[in-house]
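Next up: just one chain, as structure tokens, the form predicted alone.
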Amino acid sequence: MIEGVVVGNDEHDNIYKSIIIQDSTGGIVLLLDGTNLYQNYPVGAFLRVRIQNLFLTDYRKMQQLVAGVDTSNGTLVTGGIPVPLFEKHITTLSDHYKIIPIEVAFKNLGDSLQGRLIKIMNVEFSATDTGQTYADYKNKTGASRALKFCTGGTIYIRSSGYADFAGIATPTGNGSVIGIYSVYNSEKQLLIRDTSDILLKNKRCTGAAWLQNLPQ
């Protein structure tokens, strides 16, 4: 068994058929073959997960727990826990558990943070991604928007085209962002729960380190 607090779910449709839980040692994506998962597993719920008969896999290097795997077509296809088995595998121990994101500098972003709620400071959207929608809501296409650290380094906000905030424009300022750390192959990404995780209200940064981040 493992235990953890829900830090992400499908409430705003940016996370699909899964919830993300963490404890003091790490985080993991748990695939669930259902919808409206947030109603039973809200952010802050403390869960016990029985992992017998589940599989530990990864999707593009992002680790996850799944109920089934299929490699018959030459690629890995995973399946979530079916709805009738939710109660067999998942028990809610308490609600409204307080979650404090870990403040992380760019140099410390790494796989040990997968699935954990983190906070990054002194960041802003790149010039090309400022004022752009988080994703393509009309065509339901996801997008990655670059966040630049004023001290150097880039992480990407990954948003689903189905997210209820997909059609909202990214802010122009500088500040902090809270999100769930994830990876897609070698790309460092953040999954936000909704736009309240974006706190970019300060003036954009300037200086030598910032100039190194500008598109060549």
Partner chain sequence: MSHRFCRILYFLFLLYLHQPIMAQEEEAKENTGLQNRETLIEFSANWVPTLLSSSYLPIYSLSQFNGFVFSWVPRGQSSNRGSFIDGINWQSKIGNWDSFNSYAALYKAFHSIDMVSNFEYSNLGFGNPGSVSYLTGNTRFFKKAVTVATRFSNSSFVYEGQLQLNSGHLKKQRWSYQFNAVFQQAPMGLIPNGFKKLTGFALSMDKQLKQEQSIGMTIWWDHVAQGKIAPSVREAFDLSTQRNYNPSWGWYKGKPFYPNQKSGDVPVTYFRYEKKWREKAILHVQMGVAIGVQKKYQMDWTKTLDPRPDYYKYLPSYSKDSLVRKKLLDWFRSNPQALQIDFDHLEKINQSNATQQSFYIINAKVAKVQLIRFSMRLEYQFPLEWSGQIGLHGANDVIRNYNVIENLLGGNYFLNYNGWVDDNGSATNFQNEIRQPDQKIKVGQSWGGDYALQNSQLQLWGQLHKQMAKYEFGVSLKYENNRFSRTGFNQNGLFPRQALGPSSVLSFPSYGLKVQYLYKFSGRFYAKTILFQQTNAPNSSDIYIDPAVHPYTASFILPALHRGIDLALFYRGVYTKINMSIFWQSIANASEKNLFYHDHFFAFVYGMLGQMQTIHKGVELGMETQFGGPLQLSAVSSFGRYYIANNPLYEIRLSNDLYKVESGILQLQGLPATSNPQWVQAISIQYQPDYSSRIGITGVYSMKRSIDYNYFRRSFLLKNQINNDANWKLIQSENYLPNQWVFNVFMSKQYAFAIKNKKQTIRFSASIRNVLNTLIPLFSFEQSRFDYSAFRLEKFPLKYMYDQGSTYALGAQLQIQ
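Quantities reported herein were computed from a predicted structural model and do not represent experimental measurements. Residue numbers count along the first chain shown, from 1.
A second form of this protein, the form predicted in complex with the partner chain, is not displayed here; the remarks below concern that form.
Could you confirm whether F55 comes within 4.5 Å of the partner chain in the predicted complex, counting heavy atoms only?
Flag for F55 set to yes.
Consider D111 of the chain shown here, and say whether it contacts the partner chain in the predicted complex, taking contact as heavy atoms within 4.5 Å.
Taking the distances in the predicted complex, the answer for D111 is no, it never comes within 4.5 Å of the partner chain.
Would you check, heavy atoms only and a 4.5 Å threshold, whether L85 touches the partner chain in the predicted complex?
Looking in the predicted complex, residue contacts with the partner chain include L85, since a heavy atom lies within 4.5 Å.
Decide whether S144 counts as a contact residue for the partner chain in the predicted complex under a heavy atom distance cut-off of 4.5 Å.
S144 lies outside the contact set for the partner chain.
Can you work out which of G175, G161, G34, G44 has a heavy atom no more than 4.5 Å from the partner chain in the predicted complex?
Flagged contact: G34.
Could you check which residue among V183, V49, A67, I168 gets a heavy atom within 4.5 Å of the partner chain in the predicted complex?
Answer to the contact question: A67.
Looking at 22 to 30, 35 to 43, 148 to 156, 184 to 192, which stretch has residues with any non-hydrogen atom within 4.5 Å of the partner chain in the predicted complex?
Every other range fails; the passing one is 35 to 43.
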